[in-house]
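Take a look at this single chain, the form predicted alone, given in structure tokens.
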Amino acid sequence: MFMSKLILETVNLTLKIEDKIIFQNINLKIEKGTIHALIGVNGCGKSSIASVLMGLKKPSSGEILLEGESIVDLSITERAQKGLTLAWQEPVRFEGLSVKDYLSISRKTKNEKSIKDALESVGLISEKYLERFVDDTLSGGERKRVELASILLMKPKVAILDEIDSGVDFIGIDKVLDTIRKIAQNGSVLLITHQDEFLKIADKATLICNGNILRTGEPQEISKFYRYECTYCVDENNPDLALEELLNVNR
């Protein structure tokens, strides 16, 4: 049986801002060619973990290893050059930059057809979108899909997708899921999500609670625990929101 090798690993990764612990002792192991889902209520630390992995924030302590090499002291650009990329929770905007030019920057091949194929993969008709601008004339969901197409063309070693489903209409969800699978064929995906539909395509899932890893395992088991067995704990970072969400989860 084929066993994937680790491509991204965190060791006791911790982030404190002043006296506030955002997350602590995060130990993630992401294998090559897999989709690893990160779930948990809003405010539990998921997006902050993504930011630290990409270098947007510096951890207070701990280690980040990409293919066994420490990247914790590298800049965002250096991490990107080594094959790490992040799809922002808020979709990108570039005034005056066309979709075609934006995707041309990302592609690893000179084949023009690859750009059209990437757009079609995320459910956008190339003839209607190539000359449009990556700005507010596109909806948030459309910009999300254009960004996902750019990651597909980029072929990163690890793609961190933060709430990639946000703003994507129901019709586009299947296309997005298929594209995430394609990205994982060339590398690995850390998928931050709330949707069960997205958990179904994951190979492994990790549940974050109040800045800590609660458990890691099969996505179906983690989803079931998250929805039906989580206790009524309160996130000290955002107690009102956390309690409301946990109550909803357990209904």
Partner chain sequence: MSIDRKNEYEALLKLLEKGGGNAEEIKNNIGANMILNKDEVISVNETEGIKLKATKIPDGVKASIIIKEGYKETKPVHLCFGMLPKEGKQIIKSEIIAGKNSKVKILSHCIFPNAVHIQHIMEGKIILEEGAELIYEEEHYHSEEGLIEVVPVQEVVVEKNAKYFNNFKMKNGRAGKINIDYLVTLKEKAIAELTTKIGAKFDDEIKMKEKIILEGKESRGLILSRIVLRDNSTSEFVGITVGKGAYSKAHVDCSEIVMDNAKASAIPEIQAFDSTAKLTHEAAIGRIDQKQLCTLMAKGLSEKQAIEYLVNGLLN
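Computed from a predicted model, the values in this text were never measured in an experiment. Residue numbers count along the first chain shown, from 1.
Another form exists, predicted in complex with the partner chain; not displayed. Remarks below refer to it.
Using a 4.5 Å cut-off to the partner chain in the model of the complex, each of 94, 105 and 154 places a heavy atom inside that distance. The chain is drawn here without the partner chain; in the model of the complex, the stretch among 207 to 215, 54 to 62, 28 to 36, 186 to 194 whose residues come within 4.5 Å of it by any heavy atom is 54 to 62. At a distance threshold of 4.5 angstroms between non-hydrogen atoms, residue 147 is in contact with the partner chain in the model of the complex. Looking at residue 125, you'd find every heavy atom of it more than 4.5 angstroms from the partner chain in the model of the complex. The closest non-hydrogen atom of residue 173 lies beyond 4.5 Å of the partner chain in the model of the complex. When contacts are judged by a 4.5 Å heavy atom cut-off, residue 88 counts as touching the partner chain in the model of the complex. For the residues 99, 164, 84, 119, the 4.5 Å heavy atom test against the partner chain in the model of the complex is passed only by 84. Along 58 to 82, these residues reach a heavy atom to within 4.5 Å of the partner chain in the model of the complex: 76, 77, 80, 81.
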